[in-house]
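So this first bit is one chain, no partners, the form predicted alone, shown in structure tokens.
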């Protein structure tokens, strides 16, 4: 399933989530199974299947990480579950996690860490916008390769950002 096609929206990383949410609601209202209560069983089943597909598509595009996964998959380069970041990033993540643990245990502010992670996230998201927000889909191979690596990095950075949000 291509979430972007299901919702009838462009395959881009930089989405206006509020506009996509409105599009989702409009499509959901038009295809809601209750509107097909007096129709044939096949039409009711098709409406239910369309509702499920719309819900899954919206879940896929509203979150940046699942949006990355959907874009990469639609471009023919799905992010593998086992994809590992390069050793330098893994070391950086480990050091940041230790700093988070230290800040948590000592009751210190983690604001500097939040800023550092936010900067790294912004860099990777910029790469994704460059790759997917142009006119060509799928992007050329070199951009797609960079987007894939950005997706791998974001998998780790988003998780770390969520941990920082908890502090």
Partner chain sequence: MGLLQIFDPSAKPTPVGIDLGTTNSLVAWVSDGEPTSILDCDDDPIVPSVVAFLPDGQTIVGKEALAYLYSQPSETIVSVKRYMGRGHNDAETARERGYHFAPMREGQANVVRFVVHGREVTPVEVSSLILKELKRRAEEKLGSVSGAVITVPAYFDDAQRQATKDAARLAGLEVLRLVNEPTAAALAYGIGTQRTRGTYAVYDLGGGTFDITVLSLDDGVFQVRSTGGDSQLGGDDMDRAVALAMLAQAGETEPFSQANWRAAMIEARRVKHELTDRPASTFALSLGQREFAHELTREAFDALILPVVERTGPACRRALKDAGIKPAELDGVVLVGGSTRVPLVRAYVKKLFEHEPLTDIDPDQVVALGAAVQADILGGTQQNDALIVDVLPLSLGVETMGGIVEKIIARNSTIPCARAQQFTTYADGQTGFDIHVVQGERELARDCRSLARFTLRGLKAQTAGAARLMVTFRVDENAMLTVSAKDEATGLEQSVEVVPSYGLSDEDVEQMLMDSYEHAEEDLKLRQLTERIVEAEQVISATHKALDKDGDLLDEDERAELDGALRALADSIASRDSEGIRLRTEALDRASVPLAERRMNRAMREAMKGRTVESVEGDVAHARGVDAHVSDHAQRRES
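Just so it is clear, the structure is predicted and the values come from calculations on it, not from any experiment. Positions refer to the first chain, counted from 1.
What comes next is about the form predicted in complex with its partner chain, which is not displayed.
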Among the candidate residues 108, 39, 116, 129, which is the single one with a non-hydrogen atom no more than 4.5 Å from its partner chain in the predicted complex? 39
Counting only non-hydrogen atoms, the one stretch of 100-108, 138-146, 28-36, 118-126 within 4.5 angstroms of its partner chain in the predicted complex is 28-36
Is there any non-hydrogen atom of residue 165 lying within 4.5 Å of its partner chain in the predicted complex? no
Using heavy atoms and a 4.5 Å limit, would one call residue 160 a contact residue for its partner chain in the predicted complex? no
Report yes if any heavy atom of residue 155 sits within 4.5 Å of a heavy atom of its partner chain in the predicted complex; otherwise report no. no
When the contact criterion is heavy atoms within 4.5 Å, does residue 68 count as touching its partner chain in the predicted complex? no
